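Starting off, we have a lone chain in the form predicted alone, written out as structure tokens.
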Amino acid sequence: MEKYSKLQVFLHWATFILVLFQFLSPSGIGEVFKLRLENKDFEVGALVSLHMAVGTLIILFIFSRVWMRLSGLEPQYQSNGQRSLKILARIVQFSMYGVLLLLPITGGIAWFQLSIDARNIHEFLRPVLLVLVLIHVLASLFHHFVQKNSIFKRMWF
């Protein structure tokens, strides 16, 4: 079994924790954005700043992950003979990367350009990411418990 590097494992799980934080923490950024649109007084609190900082970290981590993947710095895919599963896995992985790149980009455009369209796209992408993460987690569990292969262990410490 060829494992991912320690850096790749760190980036994977750190991204997961940061995304989980973004979904679970009440940043209040939506309320502040609305005040900005209405040209009312607002304060950018610590949670809003933290939300933007975490989004920036996520995009940096994802750029690093995509660069490593495209540079061939990942272990070979463990084929179990099912080409359709490999194709589906790639679609989900790259879709997740795309959404994880687009979320901070659309959030940044919404915030700095006061773009309602970018905000709407940002909000639309949140449940899309949840579905992709759910598929990813279920596929990992399927590999580990049903197919009993070592794919899950490759991305663990």
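Quick note: we count residues from 1 along the sequence shown, nothing fancier. Note that the structure is a prediction, hence the values are computed from the model and not measured.
What comes next is about the form predicted together with a small molecule, which is not displayed.
Contact annotation for F33: at least one heavy atom lies within 4.5 Å of the small molecule in the predicted bound form.
In the predicted bound form, the small molecule sits beyond 4.5 Å of every heavy atom of Q113. Put simply, G108 is close to the small molecule in the predicted bound form: some heavy atom of it is within 4.5 Å. Contact annotation for S64: none of its heavy atoms lies within 4.5 Å of the small molecule in the predicted bound form.
Here the chain stands by itself, but in the predicted bound form one stretch of 38 to 46, 122 to 130, 65 to 73, 87 to 95, 122 to 130, has heavy atoms within 4.5 Å of the small molecule.
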